[in-house]
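Below sits a lone chain in structure tokens, taken as the form predicted on its own.
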């Protein structure tokens, strides 16, 4: 199995909101002045910036000329040349921009001035643990709903990707100034919970009555033996047996005469939820609220949704069921809200739930859903909008599913025999940090192959260890400096950092705030993982070319400052991802 590839550095739109991200804002202002002088730009035209494909071409590139070619009816290269000429004629701040060039078919490339790099590095050192934070969401409230597994069994690997994505998106929003709440939505009623209770009762009965007969269910590899009272499609996991044994140890055979399954359901739900909370805590995830779907029925909100949709002519009865007129929103067919059995489909309580979120005053409600929701969540958004609420405040993040790979082969799963890998088992094997990082290192909209061999690798081949080693190496440098009594000047002359490897590292470090900002805006935590690898690579190159201990005290202090700045960014970035930054490895 090859190492899991790192995604290419993605481009980003410039909508900078942080206090220190002034470079792109400054360039956008200057470009707007030039473009206004060349004629009106298209409506809603947005300037886009990204690092050049070839670092030798500059530090930041803009593709405005390529975007405007059709509008101006000229070749992109000609447009770029004119823009560059007009920019040079402006009083460009030389302390920021050292050069403006045109490359390729019409890219505008900007080179940062040395003074700009020095001032940004000083700002990084001064802000320290706050470097990367912004006030983009200041005064706004965000609710991130994730995991949301019903209490029918332990969290599995599939739940793990949901959990880590949601928690890290919440962290990104918090770093961007939002007041963030983490919420877990669950349903402890309905068919699944009835089957859970019946499964526990059957196992309990078998313990209380050892002479009870058995039956075989399934076939082939899924063939298994269960008590004769075991329900069809019952839950087969060992945790069911453990819950039943706990009840038997506490109550003996006295529950055999229970009129209903309430005690079995209640005990199972409590035990399973306690396990879920413990599992999430291992990943560093603490929920602020748990929202029970049942409360939507108790409050009448679900039925209120139906009546309001009826009033708007968007809900009607047909063949004993209640339908949502989704053809009004472009679907080929209308959608069932309440089945002919009287049981609501999940869309109905979900509409009520999202209305509740917005009525609680959240400016943003983020949902983390698996790919199986991709065709259904638009119905919920249309329902919310139809009821007079702003569905634009609801942001749905869809993630693809996970395949565990062991020895180049997928780990076989069998839901029927409960042969799934729990999240706890995964963490037991590879550790919490590795689990979190591997769930985050790829874009959520791509299928994730979780390579267990690579995840268990306790070396720099493991991508999370590579980052942690870089942080630990810097801590080792600091300890060594102390051992040789090196007197570090905290106000070192940073203009001495003129080596190419030093400049490259500085440029990587000062990208951190914009990377956090963009990752928060797009809900894409993998941007941080990818960026931190770039930082670690740049530091390795710096450390290989630029000696610290043994140089003059002035240069050594400047380089030590750069090493400290790298440690700050690595630690802050790993903190965003919920991963530890060890001092020793």
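Quick caveat, the model's predicted, so the values are computed rather than measured. In this text, the rigid core denotes the largest set of C-alpha atoms whose superposition between the two forms falls within 1.5 Å. Numbering follows the first chain given and starts at 1.
Another form exists, predicted together with the RNA; not displayed. Remarks below refer to it.
- Only one listed stretch (175 to 183, 332 to 340, 384 to 392, 131 to 139) carries heavy atoms within 4.5 Å of the RNA in the predicted complex, and that stretch is 332 to 340.
- For the options 511, 159, 442, 96, the residue carrying a heavy atom within 4.5 angstroms of the RNA in the predicted complex is 442.
- Among the residues 344, 227, 234, 154, the one placing a heavy atom within 4.5 Å of the RNA in the predicted complex is 344.
- Taken together, 122, 357 and 566 are entirely out of contact with the RNA in the predicted complex: none brings a heavy atom within 4.5 Å.
- In the predicted complex, the RNA sits within 4.5 Å of a heavy atom of residue 371.
- Heavy atoms of residue 223 never reach within 4.5 Å of the RNA in the predicted complex, leaving it off the interface.
- At the 4.5 Å threshold, heavy atoms of residue 283 stay clear of the RNA in the predicted complex, well away from it.
- The RNA is not shown here, and in the predicted complex it never comes within 4.5 Å of any heavy atom of residue 310.
- Along 60 to 74, residues 61, 63, 66, 67, 70 each place a heavy atom within 4.5 Å of the RNA in the predicted complex.
- Relative to the superposed rigid core, the position of the CA of residue 430 differs between the shown form and the other one by less than 2 Å.
- Once the rigid core is used as the reference frame, the Cα position of residue 59 differs between the shown form and the other one by 2 Å or more.
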